[in-house]
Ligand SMILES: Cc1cc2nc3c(=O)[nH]c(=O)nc-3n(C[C@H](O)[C@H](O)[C@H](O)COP(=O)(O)O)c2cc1C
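One chain comes next, on its own, written out as structure tokens in the form predicted alone.
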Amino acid sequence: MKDFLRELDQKGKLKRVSKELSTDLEISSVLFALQDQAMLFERVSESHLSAAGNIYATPELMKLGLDIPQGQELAEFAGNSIAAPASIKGHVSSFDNSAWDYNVQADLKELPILKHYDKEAGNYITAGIVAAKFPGTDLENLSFHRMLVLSKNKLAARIVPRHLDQIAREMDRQKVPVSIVIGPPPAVFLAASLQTEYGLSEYKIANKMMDQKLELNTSELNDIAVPTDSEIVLEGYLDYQELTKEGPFVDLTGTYDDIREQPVITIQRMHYRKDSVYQIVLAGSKEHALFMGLPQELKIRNVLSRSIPKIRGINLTPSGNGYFHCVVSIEKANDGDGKTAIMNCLASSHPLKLVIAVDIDVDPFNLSDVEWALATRFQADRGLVQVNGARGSSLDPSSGKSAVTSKLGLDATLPLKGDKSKFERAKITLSPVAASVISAAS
């Protein structure tokens, strides 16, 4: 991550904050107010380490960190890497204690872990990647989990029923060795956020993204691979026999999530350097929405590509938390393609509550364009799709504890036959003189 921060700094895309700020609401309030700005907090009241946040707040910043070629979309890049993961030759190197200035018994209070919002339960690790081995293999699963600090060496981890939970089940809920990685290279961060099949290590996806240049070391205590360039590594075990209350915590929607009984992670060892930078992802921020939405976009894109001839773009809208609302711009081959696109989107991504289908001449990322299409091309009696009693997301406070929701589709595409001229927007031919006046005035 530090190499990426240097690149951001050199390109004038990193805002350095030299004033000392507290982990108790002060740093988070700055990140909330400046969500499009990558930030480095050089002085933190409660720690000798610096902290960085919003560093992948926009697709452009993430693409910069990954050195994605001009014109290639982030979702396309991620999808290609999932489709062709690259094994790591020689696997990993042995752990080198000399590479770390601090190789110590756990004391989480040494780290600048934030309390983000007023009513949260306490200080939360939000950018920690939990690495655990698939049972019976040498392959690691990587996954993000919010983790509440309980004491100097214990965390309450919110574990949803996905791969890490399945690993624990296969181990009969015995203690699961884990390493928590904070501040890895951008490719590892992105790969860990993706939803892949069980048994596929996200390290292979990251290695593909990095042109097979990912370097790993075996962590000291539990033989789990961690990126050599990680800022901080915590080693310990996840214990489903030790449960505690976790929450409240502000999740994707900017509202407080429920309090639940969750397993505890006990940290036995910490590794970091004098110049390590602690990474923050502010919950409910644009950065949070980007990484929650990208796996859903990949699912949608995969399904649509099999049924729609041409897709201009898929926009999981920022105001829909990058998760609940989607606009798809398509080229129709059949009159039913608008509704087909809507139904496929809703089927492929369970969190979606609203899908708007527009023609290929409408920019799905320009919401003024989309609203214009709704105003001039949509009629509720023939373009409305409603689905009741469908699976939704527990993150949606309106769906209740059952996470059952109603879903809406708006087909704002035009019929294939008939006179389309009355639906075309008027244009003004721009002369060189007029263009120069506009340029000078803007």
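On a predicted model such as this, the values are computed, not experimentally measured, just so you know. Each residue number is its position in the shown sequence, starting from 1.
Keep in mind the form predicted in complex with the named molecule is missing from the figure; the text below concerns it.
Checked against the named molecule in the model of the complex, the candidates 154, 158, 204, 332 yield a single residue with a heavy atom inside 4.5 Å, and that residue is 158. Of the residues given (267, 194, 264, 343), 194 alone sits with a heavy atom within 4.5 Å of the named molecule in the model of the complex. Contact annotation: the named molecule lies within 4.5 Å of heavy atoms from the stretch 136 to 144 in the model of the complex, the single such stretch among 358 to 366, 136 to 144, 93 to 101, 303 to 311. Looking at the named molecule in the model of the complex, residues 50, 116 and 182 place no heavy atom within 4.5 Å of it. Although the partner is absent here, residue 281 sits close enough that one of its heavy atoms falls within 4.5 Å of the named molecule in the model of the complex.
The named molecule in the model of the complex comes within 4.5 Å of no heavy atom belonging to residue 82.
The shortest heavy atom separation between residue 109 and the named molecule in the model of the complex exceeds 4.5 Å. Within this chain, residue 253 is remote from the site of the named molecule in the model of the complex, having no heavy atom within 4.5 Å. Residues 281, 288, 291, 292 are the ones in 273 to 303 with at least one heavy atom within 4.5 Å of the named molecule in the model of the complex, listed in sequence order.
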